[in-house]
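The form predicted alone is given below as one chain in structure tokens.
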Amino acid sequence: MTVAARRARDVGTWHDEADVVVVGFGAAGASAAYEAATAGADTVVLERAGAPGGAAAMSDGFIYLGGGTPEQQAAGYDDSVENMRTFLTAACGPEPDLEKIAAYCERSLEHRDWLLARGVRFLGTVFPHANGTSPVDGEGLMFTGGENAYPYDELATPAPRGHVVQDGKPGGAVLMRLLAEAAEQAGARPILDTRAERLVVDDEGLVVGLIASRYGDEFAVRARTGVVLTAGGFINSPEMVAQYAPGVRVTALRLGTDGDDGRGIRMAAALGARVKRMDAIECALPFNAPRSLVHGIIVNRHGQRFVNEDTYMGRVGQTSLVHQGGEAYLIVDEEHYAPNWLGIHASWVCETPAELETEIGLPVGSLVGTVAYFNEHAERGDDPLFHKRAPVLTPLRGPLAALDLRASTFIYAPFTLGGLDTTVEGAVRDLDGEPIPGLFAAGRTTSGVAAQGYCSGLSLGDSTLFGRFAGRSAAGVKP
């Protein structure tokens, strides 16, 4: 179905109208709707599904917050706005959005208070030996971006910033229940089972509404002050993935819902909106649980290491998928071997690296040389190539096992990071970099804080904070 904008003069009947029309009732949409409604704007939220939630409701519920939150202090960690900004600037590059990072860090403490006021609850506890994948009961904070691994531990003081939403699992479902309730209690009106199709503009180019499909019929909604697009990313659009992020083609799993089909991005682009970082993806590779598996080394199809294994699993997955084509193997010794937390066992077990490389089909001598070099330096407590840290930096002693981490075999969980180019306040920019009148966006429909790099919890943090900004901007109020 076409996404080309329609002229207002060609709309025969407006079926509903409001000051602010929000597209999508996920984390960004609920936050935008709440702020617009509390600013006094009559607000409508269109949601293509039968209930609010989106991809946020499927998540574990990490929200990336820092700068010295009470939870960080209770856990014994010092953090500051500047320390947080230093880390995110390094971890979210190359060429991260410095304005958004600055706003994100500067408003982090205030945003934490805003979330608590909506009923969200956090804990000031850290379990240092937790698996780093899904939170366990009683765990309040997590390192979710490699803050305590090289090179970031040398650039900024490590501090856990993944604040885990409490009071139920998954935490994302708890968060969405609270945010949706807050938006509706503030006066926002949800219209469910309604899919936005195209924007409506007047003769001067002002966005004045949109055309949707509701139960198979056209449904036109007029927006008196602004439309906010929070319709998710495009990981479930085969056409857009093939065009912008073809590396994802080798993965069977996609993190997102059917609504992450890029329609919000395409609607705005059809109006002349500028897109940004459309090739950027995040990809979790959940190999690192139990934690003992991190003692192993990850090698590519050439038998060579390419990443420090003790860093964030999203960075390992992104590096493997983007730079190695999803071809990787985890080599671990008997002392530290255990089945992966997903129930995945070793595919090969051999006495020596030479036997193992033959069984896997790696080039002759490749794994032998890699293990010998790694062991030589690990004996001295050093990893000159990738700087893995103690206590997981230990030599590999036979017998050895290999877990098949190829994307055709293991679980890779990607989603898209690119989207509409927006200002900090949420205005959508056109091809000249100027705001498109009446059009705003937030969440995965936009290019947010993360560029090529990512940390778990940034999507929820980015969506809720900049969703708030976009909602207020659409209502004509300063964020």
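Since this is a predicted model, take the numbers as computed values, not measurements. Residues carry their position along the shown sequence, with the first being 1.
Not pictured, yet referred to below: the form predicted together with another copy of the chain.
With the partner omitted from this view, the residue of 389, 377, 118, 111 that lies near another copy of the chain in the predicted complex is 377 [heavy atom within 4.5 Å]. For the candidate set 89, 304, 340, 236, a heavy atom within 4.5 Å of another copy of the chain in the predicted complex is found for exactly one residue, namely 304.
Only one segment in the set 178 to 186, 206 to 214, 92 to 100, 222 to 230 has any non-hydrogen atom within 4.5 angstroms of another copy of the chain in the predicted complex, and it is 92 to 100. Contact annotation: residue 381 falls outside 4.5 Å of another copy of the chain in the predicted complex, judged by heavy atom distances. Contact check for residue 170: no non-hydrogen atom falls within 4.5 Å of another copy of the chain in the predicted complex. Interface residue remark: residue 148 is not counted as part of the site for another copy of the chain in the predicted complex, having no heavy atom within 4.5 Å. Mapping the unseen interface onto this chain, residue 249 counts among the residues with a heavy atom inside 4.5 Å of another copy of the chain in the predicted complex. Using a 4.5 Å cut-off on any heavy atom, the residues of 311 to 327 that reach another copy of the chain in the predicted complex are, in sequence order, 322, 323.
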